[in-house]
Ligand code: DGJ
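As structure tokens, one chain now follows by itself in the form predicted alone.
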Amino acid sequence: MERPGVGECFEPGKVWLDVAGAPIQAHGGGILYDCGTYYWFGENKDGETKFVANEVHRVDVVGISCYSSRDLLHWKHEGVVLPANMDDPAHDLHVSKVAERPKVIYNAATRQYVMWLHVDTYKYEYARAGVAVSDAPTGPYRYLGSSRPNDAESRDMTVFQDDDGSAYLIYSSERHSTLHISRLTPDYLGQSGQFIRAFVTRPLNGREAPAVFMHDGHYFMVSSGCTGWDANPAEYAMARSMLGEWQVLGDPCCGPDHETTFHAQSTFVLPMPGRPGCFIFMADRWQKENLRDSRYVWLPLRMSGSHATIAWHDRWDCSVFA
């Protein structure tokens, strides 16, 4: 009999179990595709949710989990590959702090896997980007430290690797009122000094939760407004270059509850290998009073020219892209 959550199709918003039968803990995550295997990195929130103040709910830092899969449905837990620091309250990854939205890319020149993540205090006053490296996708990752990129606040973030090998850190900044896009150094470990401030003229309650992908020679970004743990409409934009001008194109979601991004928030867009114009939109359905039970909403994202569509499906598999 099939176990709940370990099926042969995606079921957005349902409990998703790994191959050992445990709920997947990879919130705010992203995926690295490497040598035929997918690696899913995300926040491990397998702890008690604590209410702090002013709508702040948190779980003591556990660390960053890694899962591996060949088919995107069945995931093996590879462990907590960047664990919390238990002893030093001043450390970025101390259990009392915040470690969110990890993304990993591979640097072919240095042969290192590079992880960027948002690190903060529980009051979200630190606003820094942390970086860690490993010789293998499954870690362990060695934490190198954090910074405020280009001397600016960095909160919700993602990383994008271009076809030419250049890489960019995209992060919510200036109290969420803008998104900054910063080109990384060739080793992916720091900022090159080239960056832009995007979406300055229309904050729409600010921008956060960026997810970037490329299609037909153009760059696209899905992001959300800033309404705490509560969901809001997604918005997508297009540019001819990562450091160019971004044109807002509207809400890509359609179907029931599209105005709340299906009660979820963007975190990553995964290109489907060998299927141009086909992507998986990854989002988190946060359960602020029980964060360990936050669910995953994965849906097909289709491109037609510059038009993106994310439609709701109760159940689906990759045959929808045929």
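Since we're looking at a predicted model, the values are computed, not measured. Each residue number is its position in the shown sequence, starting from 1.
Missing here is the form predicted in complex with the ligand; even so, the following discussion is about that form.
For the residues G165, G228, G79, G244, the 4.5 Å heavy atom test against the ligand in the predicted complex is passed only by G228. Remark: D156 counts among the residues lining the ligand in the predicted complex, judged by a heavy atom distance of 4.5 Å or less.
Using a 4.5 angstroms threshold between heavy atoms, N44 stays clear of the ligand in the predicted complex. Among heavy atoms of S65, none comes within 4.5 Å of the ligand in the predicted complex. For the chain shown alone, Y124 is a contact residue for the ligand in the predicted complex, at least one non-hydrogen atom being within 4.5 angstroms.
The stretch among 228 to 236, 105 to 113, 190 to 198, 134 to 142 whose residues place heavy atoms within 4.5 Å of the ligand in the predicted complex is 228 to 236.
Although the ligand is not shown here, in the predicted complex the stretch 246 to 270 places heavy atoms of just one residue, Q265, within 4.5 Å of it.
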